Structure formats: structure tokens, C-alpha cells
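Shown below, as C-alpha cells, is a lone chain in the form predicted alone; questions about how it binds or moves come after it.
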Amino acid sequence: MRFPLTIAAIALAALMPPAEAAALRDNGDPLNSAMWSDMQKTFLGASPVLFDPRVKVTAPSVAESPMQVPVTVDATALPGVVEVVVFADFNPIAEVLRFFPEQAPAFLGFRVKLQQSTPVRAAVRTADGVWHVGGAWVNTVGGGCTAPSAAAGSKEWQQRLNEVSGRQWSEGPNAGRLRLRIVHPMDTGLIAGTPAFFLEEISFTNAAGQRLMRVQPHEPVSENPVFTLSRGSAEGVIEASGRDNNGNVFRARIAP
């Protein structure tokens, strides 16, 4: 089903460069995926959808490792972002993660497992209920979702489960960025004898206790996930806390 531009989107298109304004309409999937219709029904329902060049998904056109594909979603050019859902059309588990920017900008970097070549998309819901969609094709040899994690062959991973390391940058090209790494196997459950075991909730809060962002990872996020976000105007220590689907929790403080 296609939906017309909302009045707000029409007004916005009038202020954009012609090339971007032309892309700001539901004119069929620009990535020409046979799965787009199913993805739209599954994740976006009956809400209005716009393919929007302001939603930038950066990923390699050819991924050497299907288990560690770097992806960055940048929707900071969109006002009023409420929710972002990231999915890969041809993955056996399509939903990669969701994130909810609150005090932080709508920006997140992470790594994902891909089973085969696929579009990787970000659908961004704004306060008016419209989904703005961007994406990129990633070509890969495949098998990322059904290959065993490195942790599966280690006897020490349980001792380091949910071990956290992080860093903030105040200068240089990464100024204003925050990076968090969590030791976790992120098992998809698609390997015989290995149940799904993955982080399912992460919250970032500033020194005043205000939440910057909430992230809900799913099985396709890569093992030992690394998340990069912008801390926005937040200063001082950032606290990260979360849990996995087995109830294991973590909490860490990341100093500037």
C-alpha cells in the first residue's frame, strides 16, 4: 500500500533541494528489494512511509566478514525523531535493533551479522507518525547468522559475560562521541543446540540522571557488540546499564 505525502512533508519538500525533494515521496522501493512489501507490513504497518534521503545508512557495499558488518544510522537531519528501527530484508531474523533517542541525537553506529546479501534499512518515526526510510545494499558471502560465535569455543567467556569497556571523546574527529563495548556472544538461536542469547535492553543516562538513548538490540547484532553514539550536550560521566534475555544485567560508568 502506498500513502500520499502528509501536509507537513509537502511543506518540507518545498524547502529542500530539488533532488532531495523528489526523493521525499513514496515512489516505490529505491533499493528494489523483493522483500520490501513484507518489511513494510511487518515493521511499519499502515502508517505513512517516505523514502527520505535525510535518513543516512552507511555500510560497506561489500562486507568481507558477514559476522561483523559495520553500520551507521544518522537521522540527525530529521526533527522530532521518536524511534528508529533497523532491519535487514533477507536475514532470517530481519530486525537488527531499535533505538529511541531522547536527550541524544538520532545517531548510532554498531555491527551486524548478515546471512546473505541484503538491503540494510533504518525506518525513523517522527512525532507526526510518519516513517522516514533510508537504506543501503550490502553484498556479502553470507552465513553470518548461522555461524557459531567465537565465544562458543571458549571456556572463559562466562567469566567475562557483560564485561563493559567504554570511551568518550572531547577532541578530534570523534569529539562528542561515546563508544561502548560489551562482552556477549549474541547467539541467534539458529545453530542446533545453541539457544538464542542476546542483549535486549541498554540505556544511556547523563550525570543528571536524564536518559540520552535507549537501545533494544536483537539477535543479528554482532558478538561482543560495540555501540557508538553522540552524547549531544551531555557532559561528565555517562552511565550505561542493561540486561540480556536471560536476565543478566550490567552497569558501567564512562568517564569523559
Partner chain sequence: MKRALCALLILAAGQLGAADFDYRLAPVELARDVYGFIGKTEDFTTSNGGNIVNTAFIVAPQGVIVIDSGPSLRYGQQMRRAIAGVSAKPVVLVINTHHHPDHFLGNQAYADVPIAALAETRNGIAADGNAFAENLYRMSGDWMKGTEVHVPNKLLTAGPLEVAGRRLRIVALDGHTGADLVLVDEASGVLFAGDLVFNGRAPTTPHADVAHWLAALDQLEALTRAPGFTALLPGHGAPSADAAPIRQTRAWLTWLNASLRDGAKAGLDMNDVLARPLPPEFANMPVAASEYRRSVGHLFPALELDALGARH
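Residue numbers count along the first chain shown, from 1. Since the structure is predicted, the reported quantities are computational estimates derived from the model, not experimental observations.
Same protein, other form: the form predicted together with the partner chain, not shown, and the subject of what follows.
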Trp157, heavy atom within 4.5 angstroms of the partner chain in the predicted bound form: no
Given that the partner is absent here, does Arg181 sit within 4.5 Å of the partner chain in the predicted bound form, heavy atoms only? yes
Does the partner chain come within 4.5 Å of any heavy atom of Arg121 in the predicted bound form? no
Contact test in the predicted bound form: Phe90 vs the partner chain, heavy atoms, 4.5 Å: no
Within 4.5 Å of the partner chain in the predicted bound form, do we find a heavy atom from each of Trp137, His218 and Val249? no
Stretch in contact, per heavy atom within 4.5 angstroms of the partner chain in the predicted bound form, of 35-43, 55-63, 187-195, 206-214: 55-63
Under a 4.5 angstroms heavy atom criterion, identify the one residue in Gly176, Pro105, Gly166, Pro148 near the partner chain in the predicted bound form. Gly166
Contact set, 97-136 vs the partner chain in the predicted bound form - heavy atom within 4.5 angstroms: Gly109, Arg111
